[in-house]
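Coming up is one lone chain in structure tokens, specifically the form predicted alone.
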Amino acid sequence: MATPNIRDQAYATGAGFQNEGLRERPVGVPVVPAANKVEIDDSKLKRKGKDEFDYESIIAPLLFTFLAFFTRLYKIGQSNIVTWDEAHFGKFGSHYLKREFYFDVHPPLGKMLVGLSGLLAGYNGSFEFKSGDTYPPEVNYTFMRIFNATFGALCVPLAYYTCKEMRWTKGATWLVTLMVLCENSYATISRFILLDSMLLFFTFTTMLCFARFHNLRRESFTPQWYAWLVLSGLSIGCVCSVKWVGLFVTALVGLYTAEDLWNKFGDLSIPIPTLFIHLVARVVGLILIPTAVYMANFYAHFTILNHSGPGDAQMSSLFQANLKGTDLTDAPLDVAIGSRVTIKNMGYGGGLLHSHIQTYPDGSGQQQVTCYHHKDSNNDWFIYPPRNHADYDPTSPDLRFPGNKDVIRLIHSQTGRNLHSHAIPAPITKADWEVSSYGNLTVGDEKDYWQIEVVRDSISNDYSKIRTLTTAFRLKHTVLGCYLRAGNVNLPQWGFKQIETTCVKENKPKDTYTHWNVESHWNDKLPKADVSSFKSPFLWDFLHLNVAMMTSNNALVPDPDKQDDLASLWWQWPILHVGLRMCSWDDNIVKYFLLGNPVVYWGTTASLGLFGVAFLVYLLRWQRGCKDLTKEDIDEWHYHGFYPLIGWAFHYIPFIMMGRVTYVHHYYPALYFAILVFGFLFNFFCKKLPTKVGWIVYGITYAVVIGVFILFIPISFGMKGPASQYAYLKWTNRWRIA
């Protein structure tokens, strides 16, 4: 490693040329004035033997990449059944091939790539991907798995080059690369049609860009600097477009960027216009480009999925009206008394007004009213007049059209009960009144009455009628004066995790969660309307879908009434307390068990604690005036030690606070950062050992990591026959291998 010069040390630590002693503990040693600095010939320090050729930088990554593809692809097609979450993501890929709109809690990039793998494999999207089903001959599932496994395999050379950018020794670089290569959980999860290999791949690319861009910090505004800034933005956009977990590595890059800009702001030698250019470059590269990539994926998502499908109800009515094959375009335009309708909430992520025979466990005990994101006959309501008006006669040719300020009743089509509210607190949002279904056509009271307040109409200024799809309106309770509202609060399991629907006391006309529109409409007395020309703005659809994804993700909480043998808790992951059975455990099934390499897991978890202990020791000795660390050492701890540690914390701690159900694979991005911390400690301390001793330490570690990986390789390549023959792998009773 070349000796760092004074200029490099100053910039790397954030110190200017006038304050080289910024991070030193003053112990009576005079600081050398800047005027007395010794000039060093940079060209001599940077010069390396021109005749030397670094064969290792060519051979090592090629060898690691070959081994990565072997460990990820070997016997990849021997299990011909739909395994674990292939039932979800394979099905989502099918929707892209059939161009049917669907809904999922994850952004679309990974699933579009799954669809691409099916397209390249010659698959037509007809298979249903039911869990445990056998793949038919026309589905080339092996190719689709190979496509996914490629992302997992490429993580290995990415880890190698990231360590190279961190200027680690060969021993430490090989160690980190081997740990990624020989991590059984990475090898296993990469072999199936899942999103995790893609998430890991883009997490790894983001860290490589992070390390490379840091190395170019003294070459600002060069073509290479701009190129890696743009690549960083593209990588961030991609990782966030696979899963929202990508926001954690984005936060890590954001933290580094904020620190870097702050250091530059404190460097008085940098002119203000140059600082402004630095700021603008980062805003464009690390905010605008990722945002554009993220939004472009949703634009492609909407463009491809232009046919009606199972996820229609998650979107706005106008969006659905423009899907091919939808029945919304066959509806009458003007809504009349006696019409059967579905009523859509217009808030972001809003669902359809819904009721079912189940009752509230507390409060009134009456029939529940919710919002539901799927099409169902329990979403249908009849529009009736109040009881003090002329009754609706289905045999009469006369038509009455409710409009602004008119009072109506809504009758649930399946149970015949009235939409009702009363002065009883809502089940979750206690500040609002409960909304229920009560009575029937003849039994009821004035609390069944709702006044229409038109907010807007996209095709007309005439508010004397309610129009299908285009009219946004509010429903005001005539007795309580409250407004029907459906926010993004999920009911408990007794309410099937559906959206709580309440009557809010505050009158906020701009609250879109109190806005509703008629979506589906049936009335044989009325002519059909052509609404295909009504377009829904992309930005509105983009925001609407993202809020719906967030709402549904928050609803994925553990069900206390059910036992989930696959779920696990956050504290179990770092200590490898549990694994996960990915399929049936029958003797005639090729079985896969999602479990990490014990040496990698336990070693990296221990390294997190050792890092803290080592830092504390150095800190105490620094306070006592000891000079254990040079400026170069401090920078190495800062950028190559603390940032991976923070990356681990960013990817791990949020799962401690999340209320949603969690599984072992949620730890896999955090594991990579723990591996980097482990590699940092080896790199830092082994450099201080005699060369032979250091290589002995590395050699032993390599052998143990590889040996344990090979020992546990059946859980990755597939276990045939009775599980009892693999009992030797059951090191703890919590590992349900046998």
Partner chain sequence: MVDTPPVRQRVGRKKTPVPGSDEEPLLDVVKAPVPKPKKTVSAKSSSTAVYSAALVACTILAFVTRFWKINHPNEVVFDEVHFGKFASYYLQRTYFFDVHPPFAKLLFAFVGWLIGYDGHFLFENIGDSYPANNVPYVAFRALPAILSTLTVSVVFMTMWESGYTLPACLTATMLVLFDNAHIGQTRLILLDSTLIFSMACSFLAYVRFYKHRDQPFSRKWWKWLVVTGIALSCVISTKYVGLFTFVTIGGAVAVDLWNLLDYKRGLTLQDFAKHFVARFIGLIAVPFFFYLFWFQVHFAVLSRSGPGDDFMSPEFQETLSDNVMAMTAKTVNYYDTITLRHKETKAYLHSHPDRYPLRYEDGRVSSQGQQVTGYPYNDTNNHWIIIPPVDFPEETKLNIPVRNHDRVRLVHVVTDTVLLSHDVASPYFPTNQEFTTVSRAESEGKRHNDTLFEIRIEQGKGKQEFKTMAGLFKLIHNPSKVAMWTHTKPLPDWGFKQQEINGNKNIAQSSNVWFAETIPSLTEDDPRNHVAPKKVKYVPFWKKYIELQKAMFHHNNALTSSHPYASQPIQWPFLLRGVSFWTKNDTREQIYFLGNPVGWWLASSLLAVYVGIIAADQLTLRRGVDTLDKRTRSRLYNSMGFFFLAWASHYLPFYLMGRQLFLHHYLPAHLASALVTGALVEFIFCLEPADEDTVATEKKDLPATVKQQSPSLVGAWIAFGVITVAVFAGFYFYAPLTYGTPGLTVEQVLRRKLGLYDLHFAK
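No experiment lies behind these values; they were computed from the predicted model shown. Residue numbers count along the first chain shown, from 1.
Although it is not shown, the form predicted together with its partner chain is what the next lines describe.
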{"query": "Single option in 510, 624, 218, 535 placed near its partner chain in the predicted complex, where near means a heavy atom within 4.5 Å", "finding": "624"}
{"query": "Selected contact from 143, 265, 642, 74, since only one has a non-hydrogen atom within 4.5 angstroms of its partner chain in the predicted complex", "finding": "265"}
{"query": "Distance check, residue 528 to its partner chain in the predicted complex, heavy atom within 4.5 Å", "finding": "no"}
{"query": "Residue 656: touches its partner chain in the predicted complex, heavy atom cutoff 4.5 angstroms", "finding": "no"}
{"query": "4.5 Å heavy atom contact, residue 358 and its partner chain in the predicted complex", "finding": "yes"}
{"query": "Residue contact check: residue 613 to its partner chain in the predicted complex, 4.5 Å heavy atom", "finding": "no"}
{"query": "Listed range touching its partner chain, judged in the predicted complex by heavy atoms within 4.5 Å, from 164-172, 394-402, 427-435, 116-124", "finding": "427-435"}
